[in-house]
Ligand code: ASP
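To begin, one chain is listed below as structure tokens, in the form predicted on its own.
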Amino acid sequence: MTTGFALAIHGGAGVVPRAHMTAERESACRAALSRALRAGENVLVAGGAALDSVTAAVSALEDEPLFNAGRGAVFTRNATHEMDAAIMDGQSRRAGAVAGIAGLRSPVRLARVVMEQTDHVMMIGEGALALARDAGLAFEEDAYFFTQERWDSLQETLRMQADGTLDNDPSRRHGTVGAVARDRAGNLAAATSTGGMTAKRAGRVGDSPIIGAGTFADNATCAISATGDGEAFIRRVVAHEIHARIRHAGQSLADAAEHVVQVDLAAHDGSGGLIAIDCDGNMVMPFNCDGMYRGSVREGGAMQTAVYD
């Protein structure tokens, strides 16, 4: 058990295959993770709340074009962007989420507005964007969200779909950013943001904004942010399943998360991973695929980042 703060982040389980990862690319990804960790850590060092920490960390990740959220969001099959995000406060179990939105620089900040300024949990489309405008959140032109890498990936995916040669490359199917934190007061929080799947159908929503699937927080047990095959994570209600194993079966965070990711998900073709923190400040980051962009820091310790094993 620790009485200090702890923070973990992820940049998605859709890593570049190890054989294709250059030293320069990996260094850039680790640097981006470190910047996001620093943004979240600065909040906690100053005595701030876990909720503010995960907001800052995920917002920083949304500004990084290397990850599939915000500026780096992938394209739908219609060559548009549709982004999802969620946030949850473990102290009160308040939650906010948005789905299918475009043009907003930081979807996670809008999810927080939904949580704090409305009576709702999830909002979509124009209603969500109107709320963002009323709250004064930043919008960007389409050019801000364009990256050549994402565009090329869309063209390749569409070609493979037409040819019947589409493979299971996780870098095309996965891609999310997230953060979980415990502050000095013992409060937990989780936040997740994503651009979804490359060449997804317009209107598709994955697990990231679904409370209990891709995002969850409860001070009594844990906070979780997931990344991977969204449909499988929704069907297995992954985040809540880990919470339930801790609460009702008395399992440790490590045992609960390991079983859900390596057994439940793996048995149902659910590829991906998650980051989690419990009420005692223990952190785990299991995944059942090639890798997961991830990092962590705890009070008095050094930052750690990783991509593969």
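Numbering starts at 1 and follows the sequence shown. None of these values were measured; they are calculated from a predicted model.
The same protein also exists as the form predicted in complex with aspartic acid; that form is not shown, yet it is the one meant from here on.
In terms of contact with aspartic acid in the model of the complex, the residue from Met197, Met123, Ala132, Ile210 that brings a heavy atom within 4.5 Å is Met197. Though the partner is left out of this view, Arg94 does not reach within 4.5 Å of aspartic acid in the model of the complex, counting heavy atoms only.
Interface membership of Thr227, defined by any non-hydrogen atom within 4.5 Å of aspartic acid in the model of the complex, is confirmed.
Proximity of Gly90 to aspartic acid in the model of the complex falls outside the 4.5 Å heavy atom cutoff. Heavy atoms of Thr215 never reach within 4.5 Å of aspartic acid in the model of the complex, leaving it off the interface. The chain is drawn here without aspartic acid; in the model of the complex, the stretch among 114 to 122, 143 to 151, 99 to 107, 199 to 207 whose residues come within 4.5 Å of it by any heavy atom is 199 to 207.
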